[in-house]
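Shown below, as structure tokens, is a lone chain in the form predicted alone; questions about how it binds or moves come after it.
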Amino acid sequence: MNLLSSDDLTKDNINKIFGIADTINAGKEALSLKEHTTVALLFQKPSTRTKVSFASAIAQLDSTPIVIDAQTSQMSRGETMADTARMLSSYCDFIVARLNKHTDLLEIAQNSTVPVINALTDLEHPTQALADFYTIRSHAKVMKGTKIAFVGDIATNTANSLMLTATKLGAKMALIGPKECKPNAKILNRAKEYGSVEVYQSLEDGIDDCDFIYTDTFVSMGEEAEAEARRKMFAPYQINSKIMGIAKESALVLHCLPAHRGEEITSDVLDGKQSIVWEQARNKMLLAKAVLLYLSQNSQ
């Protein structure tokens, strides 16, 4: 079993992963992967939280992480994704891959004999969505009907995985961004098969009844050449104290980090009493553990 997309998981799968995370959190049962498990962490894109959370999770599960920088591997000299997958899966028990192209991740998975986990591609970020909704779950009285606003670049990999995960769990999604920015139509339509997703151009209208407000950087990896144009386009979608004054008094703020303070979010909101961003970040390691354990149990 692989985790390449948030659509690979059913509601029951997600709740089982959350149940494993609950068990780890409770500390009543020592959980570990099988003895001598090794996990290849193949990273083509920069990373802090995802790389460190997975490496730490693997070590704490009594296993060995092997971090591979694609730029200093034979991939940089033309070795194919297929050959890389065949080689890594002959050495390791899992492949966790953070790649530029989702199609490359699919090629890795097609040629691997061990489970492959998507640690971010240009299309999706499913492990981030799991950490996000585990965090939301700890603050929402019930998930069904809870409404989450994703603000800014609603065409990102994070937005894609969020809307799929939200609707499967019974939550509602509001995607709020400029008219020039369109959500991925295929994923939007798929999410709508599971539940409610609404698209807004007006930030004020979109967040009016939301329980959680989520934002991400306005300039994603690989978009640096368009940085100034993107900052200008998304500037009206900054999450700041004025916007929080319009939102529900009980609304909580999420950000998958890294944050560009003063761009998509202001420091007073990021560090304020309505922010659960740092809890969200801590949960990345917890959910990395839960995903590895879940896939280990279901890939025998």
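A residue's number is simply how far along the shown sequence it sits, counting from 1. Keep in mind it's a predicted model, so treat the numbers as computed, not measured.
Just so you know, the form predicted together with a small molecule exists too; it's not on screen, but the next bit is about it.
Chemist: Looking at the small molecule in the predicted complex, is some heavy atom of each of S47, R98 and L257 within 4.5 Å of it?
Modeler: Contact check passed for all of S47, R98 and L257.
Chemist: Report the residue, out of T84, Q128, T217, T135, that has at least one non-hydrogen atom within 4.5 angstroms of the small molecule in the predicted complex.
Modeler: Residue within 4.5 Å of the partner: Q128.
Chemist: Determine which one of 120 to 128, 146 to 154, 165 to 173, 106 to 114 lies within 4.5 Å of the small molecule in the predicted complex, judging by heavy atom distances; exactly one does.
Modeler: Of the options, only 120 to 128 has residues within 4.5 Å of the partner.
Chemist: So in the predicted complex, does K289 come within 4.5 Å of the small molecule, heavy atom to heavy atom?
Modeler: Although the small molecule is absent here, K289 would stay clear of it in the predicted complex, with no heavy atoms inside 4.5 Å.
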